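Only one chain is given next, in structure tokens, and it is the form predicted alone.
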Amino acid sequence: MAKVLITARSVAANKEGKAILENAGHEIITHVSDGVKSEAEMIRIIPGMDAVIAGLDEITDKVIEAGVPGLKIIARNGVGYNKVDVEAAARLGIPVTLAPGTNTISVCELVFGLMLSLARVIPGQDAQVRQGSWKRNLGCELYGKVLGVLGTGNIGSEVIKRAHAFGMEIIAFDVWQKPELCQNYNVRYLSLDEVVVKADFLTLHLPVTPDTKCLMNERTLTDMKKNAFIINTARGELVDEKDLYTALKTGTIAGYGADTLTQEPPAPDHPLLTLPNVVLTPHCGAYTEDAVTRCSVTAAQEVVRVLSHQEPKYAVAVKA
């Protein structure tokens, strides 16, 4: 019997994922909290564990070293792994696995929730009605607007399919282009700068790399249309939040909808929280019953494979 540490709240609460582990004869140890676990917390609880299914907790080289020699796999219940030191894990022969495609639809649908919230000022008007006002805010339609998609991977592609049904004109940037999106949904691939300049709605679906960190900054924000909105369900680090605040405050762009920030949760005095043209959700893009079950099952299956001396299906590839 192996010990499987679960720090991801959604997995800890999911019956289907836990059943897979229990049916394989493994013991489940849960350590969940409202926020992500720090390096110090992870170092304290990881010794003696054979596997860990983690959320966005800090899994640094020191955490991984604290888990050896017993630790055999680090499974993420999502597709991001920027909180995991994959190089340290690879050096110690520990695979880091993901759950690709499991939350694609849920995140994609939230993109449209944020777009419509901004376009029709839904949160603001709801608040006004509750306060006794019946004042209307002039919104805009999605139909006929230009949607710029930065990153046409799984989520970006699903956004494109639905944007096409909304009657939007779709332009995109990605290093790896998909001809089928052009053929089926009239997507035009352009340079990154062209997409930023032309978009009425700009949705971010890129990983954080040295090239994309703070991609949306004073220069790129200034290049955008004044009536443009940005949607970010990817990573907060893609945006320079100080430059963004200035752009929103001065009317350089019209609004921002995000499911992620550089610091999560944000400090109570975070400047973006003061702006009426900002709509924020608490990194809940993948937090639907459907996606949670798919993520939990995939993560649990990867753990069972590795603990059964099989190769994982969805391991992060680490450059030599």
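Definition used throughout: the rigid core is the maximal C-alpha set that superposes within 1.5 Å between two forms. When you see a residue number, it is the position in the sequence shown, counting from 1. This one's a predicted model, so the numbers in the text were calculated from it and none came from an experiment.
The form predicted in complex with a small molecule exists for this protein as well; it is not shown, and the discussion that follows is about that form.
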Contact at Met1, Gly67 and Arg91 by the small molecule in the model of the complex, all three, heavy atom at most 4.5 Å: no
4.5 Å heavy atom contact, Thr97 and the small molecule in the model of the complex: no
Exercise: His205 in contact with the small molecule in the model of the complex, heavy atom 4.5 Å: yes
Contact test in the model of the complex: Gly153 vs the small molecule, heavy atoms, 4.5 Å: yes
Interface membership of Gly285, the small molecule in the model of the complex, 4.5 Å heavy atom rule: yes
Stretch in contact in the model of the complex with the small molecule, which is absent here, among 67-75, 122-130, 155-163, 137-145 (heavy atoms within 4.5 Å): 155-163
Proximity to the small molecule in the model of the complex, single hit among Tyr185, Tyr81, Tyr245, Phe173 (heavy atom within 4.5 Å): Phe173
Candidate from Ala234, Met115, Val195, Met168 lying within 4.5 Å of the small molecule in the model of the complex - any heavy atom: Ala234
After fitting the core, Asn82 CA displacement of 2 Å or more between this form and the one not shown: yes
Ala254 C-alpha shift between this form and the one not shown of 2 Å or more, rigid core reference: no
